[in-house]
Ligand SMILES: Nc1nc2c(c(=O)[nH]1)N[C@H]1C(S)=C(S)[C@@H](COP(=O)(O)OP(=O)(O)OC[C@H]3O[C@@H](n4cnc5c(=O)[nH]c(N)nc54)[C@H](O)[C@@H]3O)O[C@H]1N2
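Okay, here we've got a single chain as structure tokens, the form predicted on its own, with questions on binding and movement later.
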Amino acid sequence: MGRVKTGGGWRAILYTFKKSREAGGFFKLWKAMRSKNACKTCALGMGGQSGGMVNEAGHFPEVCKKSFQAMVADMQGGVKPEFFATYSVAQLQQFSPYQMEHSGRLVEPVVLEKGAQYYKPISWDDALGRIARRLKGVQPDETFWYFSGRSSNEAGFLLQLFARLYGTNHVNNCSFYCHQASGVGMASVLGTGAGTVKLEDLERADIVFLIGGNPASNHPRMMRTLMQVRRNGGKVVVINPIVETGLVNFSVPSDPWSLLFGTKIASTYVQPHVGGDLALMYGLLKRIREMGATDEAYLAAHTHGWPELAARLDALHWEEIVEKSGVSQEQIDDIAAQYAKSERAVFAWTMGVTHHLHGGATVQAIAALALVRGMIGKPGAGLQPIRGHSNIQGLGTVGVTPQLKETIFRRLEETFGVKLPTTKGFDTLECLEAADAGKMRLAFCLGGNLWGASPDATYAKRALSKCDMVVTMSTTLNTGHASGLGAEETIILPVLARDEEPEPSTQESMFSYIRLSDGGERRHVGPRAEVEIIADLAVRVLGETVAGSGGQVIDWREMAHTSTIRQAIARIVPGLEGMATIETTRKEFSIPGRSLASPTFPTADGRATLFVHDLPAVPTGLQLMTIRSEGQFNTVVYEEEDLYRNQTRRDLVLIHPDDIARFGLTAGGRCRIRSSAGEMRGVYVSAFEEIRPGSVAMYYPESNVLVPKAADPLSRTPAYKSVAVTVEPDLIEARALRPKPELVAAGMPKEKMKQC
């Protein structure tokens, strides 16, 4: 069909029919998508009690390719019994993320024992018995617990409660690898780590800053909102080192006019250096001050630190700003002028901001840019990190964090009459560092792909291999099941998908909106509900009940029911009181106090705090940014093509033609890429004019072997998007980088098996 020149459009509609065939027919997929369950992919909040394909504002149809991809993956056939007997671990390590995902649904527990080359099926009783014995045989702080944002509030709350009553605070979620810098940065400024706007605020904005993100690929439903902003006469300023097709033009399939004629999304598009966002924010701050466009009364009444920041801006030279941002002063002046005229501005960003050694500082600077014009605490304006996983924010809300908020800690102890550990809980990187030092004996993962998501893949593999046991609760296979292995045992526990759960569960959108998912009929015999597994394990380790002081009792059998867990959450977590009755009232709700309609902030004195920063030096040489493709969600690869970037494979590097010439490379040829963490050979060179010269891009998680484990000091988020690399021609023979085995999988369509 030729080069893609717009996002969405007729291709997206045709893709719907393609996925329908894979799912067994259009009406079968339609029924699944319309079930009353929150979307399984990003945190924009589709689904819930209004039925699938409905957003928080009640608009229908709201759906995207990511939604279809996740649903069809869950509708796969089960992994065939002979699969694990056919493929050794060494062979599984040669599978691509795409192949692992399309191997079928996991339907029975499996274990890889020390010295064995193959996983083998085991019973649920055997699997949980092995895990319980390991937990009883080690010290609690020799274990760590990792949570995926795809799980429910109920599962997250229950597992963190079990881990703490077991005796450890090594409780962390995948946000440390994505938006932890957003939460830490915003909380330090405003006293809250959640976005300050609702969905309707975003639609009412007259200017939206979209910084370091590509929602056309990663959060497609947001494109309808951006379309609406443009139709209302608003502006969209995109800041991204890559000119992304869908951010230039997007044809919203659910809107006839947009489908036929397309919608221009970006009114201004600027390409800074990779990591140049902090300098760019300071340039905008300086220019707004020079223009006299700051709201001095607002700053005096509602912030601390403006005199210090103003002095820093006055002393900052434009030459430094331009050099370190990579953006001309004329461009900065133009964007600042647009901002100065706005009345309702929303600042939104994703991991292009957070995945740097100064990610937390950049979030603080974005917040400062909003504050200097009074754009936080008014309708239609504010801050909104664009979160990935559909419940990543909810897990943080219910206590999945190394250090509990004081109120939650106190209420947990009072409600259950227990004493919780007060030892320091490790973040995700600290857990891996402790494992590499031989201080961790067991890793327990509630979903996700810890190995695949971690920086420095070689190091992560070594660290996990020093744990006696690694346990993962999963719906399908991922690369971590082949490479993130324990020394003695690796166990995979098959779980039900969200729309298969026997009891309702809840999720939180990135707009702090609590959704209720009804669950549904199981597609396979064998997988179990997450809360059922956690409660069963707790019984085996802690006993059927935990007796607290004052006569309180935690009955783990009762805690296997999501309704019981919600009653506890409603009593313990501020703002979630409505969860006590949500199953009966079916009333979904916004968490009180999250969106800020007035400039009174949840800090000790109600004021925000402005911070002053030094601007990071301009990196020398090539800078690698790891990226996701249009056919991908986090570490899960649903399709190997990257449609909007016109790429048909993943074992490549996107590099500007000028850099191809500068480094003696050949478009379509092979290259060797090195960083301080590792190297990749035989990588295809893809000439890509849309990327800023001096920057290169590669697909994650395959390129994580190149990403050092250095992290932002404020948030401990690794710098996945600012990796110094060298690129040189490679004379490796032209051959496939991975063997392409015929998959023994019930769920993979024949055409996909042939491709593999």
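Quick caveat, the model's predicted, so the values are computed rather than measured. In case it trips you up, residue 1 is the first one in the sequence shown, and so on.
This protein has a second form, the form predicted together with the named molecule, left out of what is shown; the following refers to that one.
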*Can you work out whether the named molecule is within 4.5 angstroms of a heavy atom in all three of G193, L371 and T397 in the predicted bound form?*
no
*Does any heavy atom of G352 come within 4.5 Å of a heavy atom of the named molecule in the predicted bound form?*
yes
*Can V707 be called a contact residue for the named molecule in the predicted bound form at 4.5 Å between heavy atoms?*
yes
*asked:* I'd like to check something about Y700: if you look in the predicted bound form, is any of its heavy atoms closer than or equal to 4.5 Å to a heavy atom of the named molecule?
replied: yes
*Spell out, yes or no, whether the shortest heavy atom distance between E108 and the named molecule in the predicted bound form is within 4.5 Å.*
no
*asked:* Given a 4.5 Å cut-off on heavy atoms, tell me which of 125-133, 577-585, 659-667, 620-628 is the interface stretch with the named molecule in the predicted bound form.
replied: 620-628
*Just one of T303, T294, N634, S188 has a heavy atom within 4.5 Å of the named molecule in the predicted bound form. Which one?*
N634
*Which pick from G213, G104, P402, P253 sits with a heavy atom within 4.5 Å of the named molecule in the predicted bound form?*
G213
_Interface residues of 241-265 toward the named molecule, as seen in the predicted bound form [heavy atoms, 4.5 Å]_ = P241, I242, E244
